[in-house]
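Consider the single chain below, provided in structure tokens and representing the form predicted on its own.
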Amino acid sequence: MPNILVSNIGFGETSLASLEVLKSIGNVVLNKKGIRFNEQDFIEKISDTDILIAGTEKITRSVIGAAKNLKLIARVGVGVDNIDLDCALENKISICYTPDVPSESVPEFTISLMLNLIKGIAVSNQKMHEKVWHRPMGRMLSSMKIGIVGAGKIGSKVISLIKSISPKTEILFYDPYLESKEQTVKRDIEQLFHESDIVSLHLPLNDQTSGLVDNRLLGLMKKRSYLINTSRGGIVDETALYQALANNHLAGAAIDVFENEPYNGPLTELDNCLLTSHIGSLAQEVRAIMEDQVVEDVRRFIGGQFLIRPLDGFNFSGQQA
């Protein structure tokens, strides 16, 4: 049976049945310590691995180089920016992922952050725990312009949820791959940042988006506006964001993803920055489906069948059967 290394933390906790299937088709090594693998952890464990089931851990060229038998990387989630794709392609390593499932959870989470920010919920909660009676003045969605950067599966659902909660809210969007979007107004990215009271990011991390939200774009934002990022950490220049929050140019930000995770950097010092630990897609129902889908593709791969959810250009199953 193939050797299967699961670096993803908590795999099988929401879908025990999928874990049992996995154990029936391979020799499974789980991440029992619950600690995010670094490069050295991988190198120590991956030498005889045929299949890797991973989360957001960095799968570098060195990691792939140490995995002489690696034939498949199965990503529990949607982003693959943590994988050295050039090296995977050179070594004809197949890659599968779960691109559709997080779109069910992340939009709800984004809306919860949005409302939390403009109503001052987190601030009031923190003050209450400090035994301080503090009543921050909130705002109404209906009075605000909301800019959605990236109107794909997740961004589109965020737009729908905003409209269902507050039909009068004006929504702008920027997406270079879309010409129009129902009930929204397209802007170029500079206009969107300049006009919006809230900017919410829903982009993949790639060469075009890395460091996209920098001093320039943050400087274009309205005084006392808000930024939300539930997409990928590397899209936002965290130093520039810290400065924009510290000098009160921005009223607040809600950040779920970071360039380096786990995060313990300067943003933790700011009361006007709501921080969460990359939990946007962590709903029991969503996690169970992702685990089921990953195991389904692993089972097919072992059986010599093509993957159901391959990353484009990384479906080598047939050649390796």
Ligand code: NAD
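In case it trips you up, residue 1 is the first one in the sequence shown, and so on. Only a predicted model underlies this, so the values are computations on that prediction, with no experimental measurement involved.
Form predicted together with nicotinamide-adenine-dinucleotide (NAD): not shown, discussed below.
Mapping the unseen interface onto this chain, K153 counts among the residues with a heavy atom inside 4.5 Å of nicotinamide-adenine-dinucleotide (NAD) in the model of the complex.
The closest heavy atom approach of V257 to nicotinamide-adenine-dinucleotide (NAD) in the model of the complex falls within 4.5 Å.
In the model of the complex, nicotinamide-adenine-dinucleotide (NAD) stays beyond 4.5 Å of every heavy atom belonging to P136. A residue is said to contact a partner when one of its heavy atoms sits within 4.5 Å of a partner heavy atom; L172 fails this definition for nicotinamide-adenine-dinucleotide (NAD) in the model of the complex, lying far away. Among the residues N116, T209, S124, S166, the one placing a heavy atom within 4.5 Å of nicotinamide-adenine-dinucleotide (NAD) in the model of the complex is T209. Here is the short version: of A246, L141, I111, L178, the single residue with a heavy atom within 4.5 Å of nicotinamide-adenine-dinucleotide (NAD) in the model of the complex is L178. In summary, the region of this chain contacting nicotinamide-adenine-dinucleotide (NAD) in the model of the complex, judged by heavy atoms within 4.5 Å and restricted to 214-222, 199-207, 116-124, 84-92, corresponds to 199-207.
Along 217-234, these residues reach a heavy atom to within 4.5 Å of nicotinamide-adenine-dinucleotide (NAD) in the model of the complex: T230, S231, R232.
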